[in-house]
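Quick heads-up: it's one chain on its own, the form predicted alone, in structure tokens.
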């Protein structure tokens, strides 16, 4: 049936929750594009036949195929746009380095888009707040206090805070650190916020 493969692409995205990125369905995209090519070629031959032989009974079929082409185009555009929105959200959640399991689900063009977005965001953040710039990816939620207690989940090594103090982050060690310095490490799973 017409447009079924395109609608299946959209359903595939809806089955995944908002923070997840399903594997890029290259085969599904290819099948939809092949269907679109076949519909276009059928329409071209029918349009030529309708013009040369004056067959007006072909016009409803031509219009139907054209509507299917437009629907497939909208579905593919929605699929790709939704994936880009999810990838952009992952940049804010995980930072500039995505976990391997997420990168595995992206196609080469999406990886290229992610890298360009990452560079654009970094350039923008450097232009804010004077010489050092301003990291707008920190404090995604307003903090209740400037310092938090954290537990180290993995051996990380030395970690320097603003006043020059170097802290050794070893597995199961606990520290009282500035929230904005350790928020990225919490998102990466290196630190865990201890809520008392």
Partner chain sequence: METQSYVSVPPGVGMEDNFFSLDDILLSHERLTSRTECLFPRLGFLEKSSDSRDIQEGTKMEMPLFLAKGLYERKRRVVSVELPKVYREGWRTVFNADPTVVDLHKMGPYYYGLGSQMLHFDSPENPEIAQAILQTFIGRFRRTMDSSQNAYNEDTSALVERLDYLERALFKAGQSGLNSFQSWERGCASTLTASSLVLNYRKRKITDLQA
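All values reported here derive from a predicted model rather than from experimental measurement. Numbering follows the first chain given and starts at 1. Each form is matched to the other, and the largest set of C-alpha atoms that superpose within 1.5 Å is called the rigid core.
Heads up, the form predicted together with the partner chain isn't pictured, but that's what we're talking about next.
**Asked** Which of these stretches, 26-34, 65-73, 164-172, 126-134, has heavy atoms within 4.5 Å of the partner chain in the model of the complex?
**Response** Of the options given, it is 65-73.
**Asked** Is the gap between residue 61 and the partner chain in the model of the complex 4.5 Å or less for some heavy atom pair?
**Response** Yes - in the model of the complex, heavy atoms of residue 61 and the partner chain come within 4.5 Å of each other.
**Request:** Decide whether residue 57 counts as a contact residue for the partner chain in the model of the complex under a heavy atom distance cut-off of 4.5 Å.
**Result:** Residue 57: yes, in contact with the partner chain in the model of the complex.
**Asked** Are any of the heavy atoms in residue 82 no more than 4.5 Å from a heavy atom of the partner chain in the model of the complex?
**Response** Although the partner chain is absent here, residue 82 would touch it in the model of the complex, with heavy atoms inside 4.5 Å.
**Item:** Touches the partner chain in the model of the complex: residue 154 (any heavy atom, 4.5 Å)
**Value:** Because a heavy atom of residue 154 falls inside 4.5 Å of the partner chain in the model of the complex, the answer is yes.
**Prompt:** Counting only heavy atoms, which residues in 88-113 are within 4.5 Å of the partner chain in the model of the complex?
**Reply:** In sequence order, 89, 90, 92, 93, 94, 101, 102, 105 come within 4.5 Å of the partner.
**Message:** Following rigid core alignment, is the displacement of the residue 13 C-alpha between this form and the one not shown equal to or greater than 2 angstroms?
**Reply:** Comparing the forms between this form and the one not shown, which are aligned on their rigid core, residue 13 does not shift its C-alpha by 2 Å or more.
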